[in-house]
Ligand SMILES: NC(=O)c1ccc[n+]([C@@H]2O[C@H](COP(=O)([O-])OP(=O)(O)OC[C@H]3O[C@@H](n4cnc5c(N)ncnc54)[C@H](OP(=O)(O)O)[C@@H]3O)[C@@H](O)[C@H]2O)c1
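One chain follows as C-alpha coordinates, the form predicted on its own.
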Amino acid sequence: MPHKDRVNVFITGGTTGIGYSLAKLYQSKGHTVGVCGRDLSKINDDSLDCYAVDVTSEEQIKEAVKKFCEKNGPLNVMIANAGIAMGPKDGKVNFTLARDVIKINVLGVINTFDAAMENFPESGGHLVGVASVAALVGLPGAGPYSASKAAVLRLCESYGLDWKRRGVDVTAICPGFIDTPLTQKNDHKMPFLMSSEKAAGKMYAAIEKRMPLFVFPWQMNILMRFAEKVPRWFYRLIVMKGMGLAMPKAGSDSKTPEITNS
(Lines give C-alpha, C1' and ligand atoms only; values in the text may rest on other atoms or scores of the structure.)
Protein backbone atom coordinates (compact mmCIF):
# COMPACT_ATOMS: atom_id res chain seq x y z
CA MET A 1 0.00 0.00 0.00
CA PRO A 2 2.29 2.83 -1.18
CA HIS A 3 1.82 6.24 0.46
CA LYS A 4 1.15 7.89 -2.90
CA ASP A 5 -1.95 5.76 -3.52
CA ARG A 6 -5.18 6.85 -1.90
CA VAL A 7 -7.01 3.95 -0.32
CA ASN A 8 -10.41 3.48 1.28
CA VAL A 9 -10.13 2.41 4.90
CA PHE A 10 -12.88 1.33 7.28
CA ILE A 11 -12.26 1.03 11.02
CA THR A 12 -14.65 -0.53 13.51
CA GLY A 13 -14.53 0.90 17.00
CA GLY A 14 -13.20 4.04 15.37
CA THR A 15 -15.01 6.67 17.42
CA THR A 16 -12.56 6.71 20.36
CA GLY A 17 -9.17 5.49 21.51
CA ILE A 18 -6.84 3.64 19.16
CA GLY A 19 -9.45 3.40 16.42
CA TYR A 20 -9.98 7.15 16.27
CA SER A 21 -6.25 7.92 16.42
CA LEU A 22 -5.67 5.47 13.60
CA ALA A 23 -8.50 6.99 11.56
CA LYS A 24 -7.05 10.49 11.89
CA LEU A 25 -3.58 9.23 10.95
CA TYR A 26 -4.87 7.56 7.79
CA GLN A 27 -6.82 10.69 6.95
CA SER A 28 -3.74 12.89 7.44
CA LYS A 29 -1.96 10.81 4.83
CA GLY A 30 -4.65 11.49 2.23
CA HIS A 31 -6.72 8.34 2.56
CA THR A 32 -10.51 8.13 2.75
CA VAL A 33 -11.66 6.81 6.10
CA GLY A 34 -14.93 5.48 7.48
CA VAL A 35 -15.48 4.57 11.10
CA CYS A 36 -18.23 2.95 13.08
CA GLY A 37 -19.19 2.58 16.71
CA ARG A 38 -22.20 1.75 18.80
CA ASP A 39 -22.48 5.29 20.17
CA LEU A 40 -21.79 8.11 17.72
CA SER A 41 -22.22 10.72 20.46
CA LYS A 42 -18.63 9.86 21.41
CA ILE A 43 -17.33 11.46 18.22
CA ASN A 44 -17.62 15.00 16.90
CA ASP A 45 -15.73 14.91 13.62
CA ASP A 46 -17.49 15.80 10.37
CA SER A 47 -14.41 14.91 8.33
CA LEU A 48 -14.96 11.18 8.85
CA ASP A 49 -17.75 9.02 7.47
CA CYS A 50 -19.37 7.77 10.69
CA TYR A 51 -21.83 4.92 11.05
CA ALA A 52 -23.76 3.65 14.05
CA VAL A 53 -23.04 -0.08 14.14
CA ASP A 54 -23.16 -2.96 16.58
CA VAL A 55 -20.59 -5.34 15.09
CA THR A 56 -22.41 -8.35 16.52
CA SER A 57 -25.09 -7.60 13.93
CA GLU A 58 -24.09 -9.00 10.53
CA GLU A 59 -26.72 -6.84 8.86
CA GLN A 60 -25.58 -3.58 10.47
CA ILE A 61 -21.89 -3.89 9.66
CA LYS A 62 -22.58 -5.04 6.10
CA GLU A 63 -24.99 -2.18 5.49
CA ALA A 64 -22.50 0.38 6.83
CA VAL A 65 -19.61 -0.90 4.73
CA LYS A 66 -21.84 -1.07 1.67
CA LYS A 67 -22.89 2.57 2.11
CA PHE A 68 -19.28 3.65 2.62
CA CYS A 69 -18.22 1.89 -0.59
CA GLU A 70 -21.15 3.21 -2.61
CA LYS A 71 -19.98 6.68 -1.67
CA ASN A 72 -16.21 6.22 -1.97
CA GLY A 73 -15.53 3.18 -4.14
CA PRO A 74 -14.23 -0.33 -3.30
CA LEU A 75 -12.77 -1.03 0.11
CA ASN A 76 -9.00 -1.50 0.38
CA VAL A 77 -8.29 -1.87 4.10
CA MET A 78 -10.59 -3.12 6.85
CA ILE A 79 -9.43 -2.75 10.45
CA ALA A 80 -11.47 -4.78 12.93
CA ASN A 81 -10.74 -2.81 16.08
CA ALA A 82 -14.06 -2.89 17.96
CA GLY A 83 -13.89 -4.81 21.18
CA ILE A 84 -14.68 -4.85 24.88
CA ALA A 85 -12.93 -6.27 27.89
CA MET A 86 -13.35 -6.16 31.62
CA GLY A 87 -11.07 -8.09 33.90
CA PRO A 88 -12.32 -8.29 37.50
CA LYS A 89 -9.56 -9.32 39.87
CA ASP A 90 -11.85 -10.50 42.66
CA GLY A 91 -12.12 -14.07 41.40
CA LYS A 92 -15.86 -13.81 40.83
CA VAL A 93 -17.36 -15.46 37.76
CA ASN A 94 -19.48 -13.40 35.37
CA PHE A 95 -20.70 -15.60 32.54
CA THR A 96 -22.99 -12.90 31.18
CA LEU A 97 -19.99 -10.67 30.66
CA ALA A 98 -18.02 -13.59 29.25
CA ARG A 99 -20.68 -14.16 26.58
CA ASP A 100 -20.68 -10.47 25.65
CA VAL A 101 -16.89 -10.38 25.36
CA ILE A 102 -16.79 -13.45 23.11
CA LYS A 103 -19.71 -12.21 21.03
CA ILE A 104 -18.26 -8.76 20.38
CA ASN A 105 -14.57 -9.62 20.15
CA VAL A 106 -14.87 -12.80 18.07
CA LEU A 107 -18.21 -12.77 16.25
CA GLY A 108 -17.75 -9.03 15.67
CA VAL A 109 -14.44 -9.65 13.89
CA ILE A 110 -15.94 -12.42 11.76
CA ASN A 111 -18.86 -10.17 10.77
CA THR A 112 -16.44 -7.34 9.98
CA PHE A 113 -14.20 -9.52 7.82
CA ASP A 114 -17.28 -10.88 6.04
CA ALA A 115 -18.44 -7.36 5.19
CA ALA A 116 -14.97 -6.46 3.96
CA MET A 117 -14.62 -9.48 1.69
CA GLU A 118 -17.90 -8.54 0.00
CA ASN A 119 -16.57 -5.06 -0.80
CA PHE A 120 -12.94 -5.65 -1.77
CA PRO A 121 -12.08 -5.19 -5.45
CA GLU A 122 -11.16 -8.26 -7.49
CA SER A 123 -7.50 -7.48 -6.93
CA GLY A 124 -7.90 -8.11 -3.21
CA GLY A 125 -7.51 -6.09 -0.03
CA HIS A 126 -6.11 -6.03 3.46
CA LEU A 127 -7.78 -7.30 6.63
CA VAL A 128 -6.47 -6.23 10.02
CA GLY A 129 -7.58 -7.80 13.28
CA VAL A 130 -6.72 -5.96 16.49
CA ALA A 131 -6.02 -8.61 19.10
CA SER A 132 -3.92 -8.02 22.23
CA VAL A 133 -0.85 -9.26 24.05
CA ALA A 134 -3.46 -11.02 26.20
CA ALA A 135 -3.91 -13.39 23.25
CA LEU A 136 -0.54 -14.97 24.01
CA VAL A 137 -1.36 -16.27 27.51
CA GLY A 138 -4.34 -16.77 29.79
CA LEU A 139 -4.29 -13.71 32.03
CA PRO A 140 -5.79 -13.89 35.51
CA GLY A 141 -9.07 -12.01 35.82
CA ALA A 142 -9.40 -11.78 32.05
CA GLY A 143 -10.27 -15.28 30.87
CA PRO A 144 -12.93 -14.31 28.30
CA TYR A 145 -10.76 -11.46 27.04
CA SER A 146 -7.65 -13.60 26.63
CA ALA A 147 -9.71 -16.31 24.94
CA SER A 148 -11.39 -13.87 22.57
CA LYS A 149 -8.14 -12.22 21.53
CA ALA A 150 -6.47 -15.60 21.07
CA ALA A 151 -9.33 -16.46 18.73
CA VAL A 152 -8.74 -13.25 16.74
CA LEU A 153 -5.04 -14.05 16.52
CA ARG A 154 -5.64 -17.55 15.17
CA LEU A 155 -8.41 -16.40 12.83
CA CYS A 156 -5.99 -13.93 11.27
CA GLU A 157 -3.24 -16.53 11.01
CA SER A 158 -5.53 -19.02 9.29
CA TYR A 159 -7.22 -16.51 7.01
CA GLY A 160 -3.81 -15.17 6.03
CA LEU A 161 -2.94 -18.62 4.73
CA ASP A 162 -6.32 -19.25 3.14
CA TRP A 163 -6.74 -15.98 1.28
CA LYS A 164 -3.24 -15.02 0.19
CA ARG A 165 -3.81 -16.50 -3.26
CA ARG A 166 -6.92 -14.32 -3.60
CA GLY A 167 -4.83 -11.20 -3.09
CA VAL A 168 -6.01 -10.66 0.48
CA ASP A 169 -3.39 -9.93 3.13
CA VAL A 170 -4.22 -10.43 6.80
CA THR A 171 -2.50 -8.75 9.73
CA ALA A 172 -2.98 -9.45 13.43
CA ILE A 173 -1.92 -6.67 15.79
CA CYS A 174 -1.35 -7.29 19.49
CA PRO A 175 -1.00 -4.07 21.50
CA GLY A 176 -0.11 -3.84 25.15
CA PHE A 177 -1.66 -1.20 27.42
CA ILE A 178 -2.77 1.87 25.48
CA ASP A 179 -3.91 5.12 27.09
CA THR A 180 -7.59 5.40 26.15
CA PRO A 181 -10.74 6.59 27.95
CA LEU A 182 -11.40 3.00 29.05
CA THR A 183 -7.95 2.17 30.37
CA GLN A 184 -7.95 5.45 32.26
CA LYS A 185 -10.55 3.83 34.53
CA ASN A 186 -8.13 1.10 35.56
CA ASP A 187 -6.84 1.14 39.12
CA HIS A 188 -4.07 -1.39 38.51
CA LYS A 189 -0.59 -0.99 37.11
CA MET A 190 -0.26 -0.78 33.33
CA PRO A 191 3.38 -1.37 32.42
CA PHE A 192 4.77 0.25 29.27
CA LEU A 193 1.63 2.36 28.84
CA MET A 194 1.58 4.08 25.44
CA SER A 195 -0.48 6.96 24.05
CA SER A 196 -3.12 6.10 21.44
CA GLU A 197 -1.41 8.42 18.93
CA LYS A 198 1.94 6.66 19.29
CA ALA A 199 0.23 3.27 19.12
CA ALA A 200 -1.60 4.32 15.96
CA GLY A 201 1.70 5.26 14.34
CA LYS A 202 3.20 1.86 15.09
CA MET A 203 0.09 0.05 13.87
CA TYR A 204 0.02 2.09 10.68
CA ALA A 205 3.64 1.17 9.93
CA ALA A 206 2.93 -2.52 10.51
CA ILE A 207 -0.11 -2.41 8.24
CA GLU A 208 1.87 -0.62 5.54
CA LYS A 209 4.44 -3.43 5.65
CA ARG A 210 1.62 -6.00 5.55
CA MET A 211 3.13 -7.79 8.52
CA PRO A 212 1.27 -11.01 9.40
CA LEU A 213 1.78 -10.31 13.12
CA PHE A 214 2.84 -7.25 15.09
CA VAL A 215 3.21 -7.27 18.89
CA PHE A 216 4.10 -4.04 20.69
CA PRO A 217 5.56 -2.31 22.61
CA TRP A 218 8.78 -4.28 22.36
CA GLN A 219 9.12 -4.62 26.14
CA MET A 220 5.67 -6.21 26.39
CA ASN A 221 6.46 -8.38 23.38
CA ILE A 222 9.50 -9.84 25.15
CA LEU A 223 7.65 -10.28 28.44
CA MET A 224 4.59 -11.97 26.97
CA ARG A 225 6.60 -14.12 24.57
CA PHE A 226 8.57 -15.39 27.56
CA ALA A 227 5.33 -16.12 29.43
CA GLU A 228 4.00 -17.90 26.36
CA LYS A 229 7.04 -20.17 25.97
CA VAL A 230 7.80 -21.23 29.57
CA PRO A 231 6.35 -24.50 30.90
CA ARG A 232 2.76 -23.93 31.93
CA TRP A 233 3.37 -25.12 35.50
CA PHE A 234 6.04 -22.44 35.86
CA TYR A 235 3.79 -19.78 34.35
CA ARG A 236 1.00 -20.70 36.76
CA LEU A 237 3.43 -20.67 39.68
CA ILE A 238 4.79 -17.19 39.04
CA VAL A 239 1.36 -15.73 38.24
CA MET A 240 -0.27 -17.21 41.32
CA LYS A 241 2.56 -15.91 43.49
CA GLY A 242 2.20 -12.48 41.93
CA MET A 243 -1.55 -12.55 42.45
CA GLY A 244 -1.05 -13.39 46.11
CA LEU A 245 1.10 -10.30 46.53
CA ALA A 246 -1.25 -8.06 44.55
CA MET A 247 -4.63 -9.15 45.92
CA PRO A 248 -6.23 -6.57 48.22
CA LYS A 249 -6.77 -7.51 51.84
CA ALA A 250 -10.21 -8.69 52.88
CA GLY A 251 -12.56 -5.79 53.42
CA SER A 252 -10.49 -3.34 51.40
CA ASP A 253 -12.21 -1.13 48.84
CA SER A 254 -11.16 -2.16 45.35
CA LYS A 255 -12.67 -1.27 42.02
CA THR A 256 -13.29 -3.66 39.17
CA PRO A 257 -10.66 -2.76 36.57
CA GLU A 258 -11.32 -2.61 32.88
CA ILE A 259 -8.74 -3.84 30.41
CA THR A 260 -9.09 -2.87 26.79
CA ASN A 261 -7.03 -1.82 23.83
CA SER A 262 -9.77 -0.37 21.68
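Residue numbers run from 1 along the displayed sequence. Everything numeric here is computed off the predicted structure, so don't read it as measured data.
The same protein also has a form predicted together with this ligand, omitted here; what follows describes it.
This chain appears without its partner; in the predicted complex, the one residue of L155, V137, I104, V168 with a heavy atom within 4.5 Å of this ligand is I104. With this ligand omitted here, the record of contacts in the predicted complex names 54 to 62 of 204 to 212, 217 to 225, 230 to 238, 54 to 62, defined by a heavy atom within 4.5 Å. At the 4.5 Å threshold, heavy atoms of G34 stay clear of this ligand in the predicted complex, well away from it. This ligand in the predicted complex comes within 4.5 Å of no heavy atom belonging to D46. Remark: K67 does not count among the residues lining this ligand in the predicted complex, judged by a heavy atom distance of 4.5 Å or less. The closest heavy atom approach of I178 to this ligand in the predicted complex falls within 4.5 Å.
Along 13 to 31, a non-hydrogen atom within 4.5 Å of this ligand in the predicted complex is carried by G13, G14, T15, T16, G17, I18, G19, in order along the sequence.
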